[in-house]
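Just one chain is shown here, as structure tokens, and it is the form predicted on its own.
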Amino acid sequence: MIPLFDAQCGCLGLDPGKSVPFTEHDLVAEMDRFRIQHGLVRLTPESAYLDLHYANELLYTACRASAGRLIPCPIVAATGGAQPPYETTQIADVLQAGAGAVWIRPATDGWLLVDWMSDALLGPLQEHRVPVLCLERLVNLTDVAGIAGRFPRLPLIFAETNYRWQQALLPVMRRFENVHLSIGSNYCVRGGIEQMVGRVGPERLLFGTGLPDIEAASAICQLMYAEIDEQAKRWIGAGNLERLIGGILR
């Protein structure tokens, strides 16, 4: 069996019109149904909580209740020194909580990816080798390439991109070795995994699903039926994300 570590899942947020959230227990139950061993989990939907400290504490509590199945991916933001929590405090909390990555949503949290504001956040994240999850609708590929160029030792995970970006993803990933791709929803490129493995290797592809909004079966089938060798599937399924998390300097 190919071990699976979901790089692209979430819980706890309230979707519009719902009064009961999709909890950490719901997420683990779905993971059990699909034999997914671990998940790098964030709060979804991304607009559910605007108070970063409260949101992250909620996430940490949920992950502690999962008996090691869920690894937190908290939100971080550049403050420009204008208000707490300041960057140094955020990163210290992330490391202490055992986070496996962080994610950013600049427009939602009111900050800019320009160097004079974001470098105070991204620089220390690079020092500690903390992977940064970038959802395509929140951090576009141009921004990802810009960050990758400024911080070549900062692992970046690009996720929720669609088939139309394949022609741009290939040269970006060939140019910047710190850019990784989650193959979860909505990446559904015919022969895309095979093309990526052939052009950039399997070491920078990560398994992801899109749970709870998307059924996990499509991402699992996309990986399991890909015409690549079993070792490559193992790296993509769990090994690559385990290596990134293991490389964090705490």
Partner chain sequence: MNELMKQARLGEPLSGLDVIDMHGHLGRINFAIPDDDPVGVVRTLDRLGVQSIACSSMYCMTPSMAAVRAGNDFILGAMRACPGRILGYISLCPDSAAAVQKETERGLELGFMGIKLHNSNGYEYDTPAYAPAYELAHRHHLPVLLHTWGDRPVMQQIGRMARRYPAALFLLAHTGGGDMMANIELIRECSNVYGDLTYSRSPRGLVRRLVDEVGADRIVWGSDMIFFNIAHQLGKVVGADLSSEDRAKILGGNARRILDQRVAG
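This is a predicted model, so every value here is computed, not measured. Numbering follows the first chain given and starts at 1.
Below: the form predicted together with the partner chain, not depicted.
The three marked residues, Phe22, Gly192 and Leu211, each reach the partner chain in the model of the complex, with a heavy atom inside 4.5 Å. Residue in contact with the partner chain in the model of the complex (any heavy atom within 4.5 Å), chosen from Thr79, Asn140, Gln166, Gln126: Gln166. None of 182 to 190, 66 to 74, 52 to 60, 39 to 47 except one has non-hydrogen atoms within 4.5 angstroms of the partner chain in the model of the complex; the exception is 182 to 190. The partner chain is not shown here, and in the model of the complex it never comes within 4.5 Å of any heavy atom of Leu12. The partner chain is not shown here, and in the model of the complex it never comes within 4.5 Å of any heavy atom of Glu203.
Contact annotation for Ile245: none of its heavy atoms lies within 4.5 Å of the partner chain in the model of the complex. In the model of the complex, the partner chain stays beyond 4.5 Å of every heavy atom belonging to Ala232.
The partner is not shown here, but in the model of the complex the stretch 221 to 244 reaches within 4.5 angstroms of the partner chain through a heavy atom at Cys221, Gln222, Met224, Tyr225, Ala226, Glu227, Ile228, Lys233.
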